[in-house]
Structures are given as structure tokens and as C-alpha cells.
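One chain comes next, on its own, written out as C-alpha cells in the form predicted on its own.
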């Protein structure tokens, strides 16, 4: 009984520790900058929506969210389309250098994104892709595709090869078999892969900020505008932070069942 109470108390304290920064961020978003700097309050003394009104009415602010969601969606689509057949090849076929190539894919993930900044910047500037959504999405693919292949290969290897052979005997073409039979069997792996791809691209700032200037500028770069000669506009920054958390929460909500199965069955 005492152990159960201790477990409950420890879990409660852990949840409070995790949720306190989020609560504080939400509370700050409804405060004025004067109240934030003037006194410590657990609840807004002057409840204000001005920070959110500024974000939703200023094109330079809300376009940052649109830009970020655009290149993140492109990155997720390209990553899945590329990684699914690649992972299938690694899981079903043996070819010269397959293990070395698979390990090389992982080494791409071990490298920091900063090492690719200069090559990408010069390449995109020369071909006219600088400050576009596709430029950021393709740059993120350099790091998201290797991880996606690694995750998906683990799920595909768990599917018996006899299923492939049976489908071929029944007259299924490979595209029909792959889309109608094989992909539904690894939907948990696809959900996990989409989750990690989304999260990496959504929170990555260094490459997104360097490869854009105006038209495709992400919200993370726009949030630095809150720093000015008068100091930091903490209320506006908090409101932008709250809105930045929402897309990630929505993705977790939609793929929550797949993530749970993915952690249990896949490589993670």
C-alpha cells in the first residue's frame, strides 16, 4: 500500500514537472508584457487576447506557420514515398554491399545538419531554389529519409515472406500487393515514421532559417522578431510558442495508436 502511494506521488510530481512549463507558457500568452515583467502571478491579472490577435492579423506572423507546415508536409510525403520502397528492398533482398549501405544511411543521421548548410546554400542559390518550400523540404530529406528507412525496415522484416509469395501466386502485381496488402500490415510503422519525420522537420531551425529569407521563412525564425531595442515581447513570444505546440499535439493525437504499437514492434 505504501509502495502504491509512493508510486502515485512520484508520478504526480513528475507530471507536474512536465506540465508546469507548458502551463506557464499558456498563462504568459494571455498576459501583457508589463504584467510579465512587473510581478509574478499564477494567473493573468489582466486577461488579454492581444498577443494572439497580433499573430492572426499580421501576415508576417501567420505566414510563418503556413510556411513551416508547407515544407514539413512536403518533407513527410517525399520521405515516405522514397523510404517505403527502399526499406522493402533492404528487408526482402540481399545484394552486394547491402549491410554497408544500410549502415551508411545511419551515418547520415549521426551528422549535424550544420555540415550541409554551405553546400545546400550554394546549390539552391545557383539553381533558383533558395527561399522556397521545396528547398527546405529536400534539405530535411537528407536526414529524415535514412531514419525512415531504418524504422520501416524493422517493421517490414517482421512480415513473413510467405505473404509476398502467396500474393504473387494469386496474381497480384507488385504495386497492387504493396498498396493493398503490405502497407496496411505495416501501418503502425508508417505512423511512427511520419511522426518522427514531422517532428524533426517541424523543430529544425538552423537549415530552415539559413535556406529562406522572406517567402518561405519559418515561424521559428519569425519568433526572433520579438527581440527589439525595448527588450523582449514575452507575451507575444509565449503566444507564438503555444501555437507552435498545437500542430505537434495534433499529429500525436492522430497517430497515437500507431506510435504505441510502433514502439512495441519496431526498432525503437
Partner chain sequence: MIVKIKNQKALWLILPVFVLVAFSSLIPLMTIVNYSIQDIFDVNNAYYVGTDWFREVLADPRLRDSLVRQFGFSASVLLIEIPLGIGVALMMPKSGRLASLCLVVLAVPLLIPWNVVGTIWQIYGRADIGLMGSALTSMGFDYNYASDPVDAWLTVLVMDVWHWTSLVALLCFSGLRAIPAAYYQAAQIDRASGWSVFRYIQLPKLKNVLVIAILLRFMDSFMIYAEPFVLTGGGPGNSTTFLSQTLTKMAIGQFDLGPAAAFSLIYFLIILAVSYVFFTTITQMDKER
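Nothing here was measured: the structure is a model prediction, and the numbers come from that model. Positions refer to the first chain, counted from 1.
The form predicted together with the partner chain is left out here; the points below concern that form.
- The partner is absent here; in the predicted complex, the one residue of 27, 63, 69, 199 having a heavy atom within 4.5 Å of the partner chain is 199.
- At the 4.5 Å threshold, heavy atoms of residue 115 reach the partner chain in the predicted complex.
- Although the partner is absent here, residue 170 sits far enough away that none of its heavy atoms falls within 4.5 Å of the partner chain in the predicted complex.
- Heavy atoms of residue 91 reach within 4.5 Å of the partner chain in the predicted complex, making it an interface residue.
- Using a 4.5 angstroms limit between non-hydrogen atoms, residue 184 is distant from the partner chain in the predicted complex.
- Of the residues in 82 to 114, those that come within 4.5 Å of the partner chain in the predicted complex through at least one heavy atom are, in sequence order, 82, 83, 85, 86, 88, 89, 90, 91, 92, 93, 94, 95, 96, 99, 101, 102, 103, 104, 105, 106, 107, 108, 109, 110, 111, 112, 113, 114.
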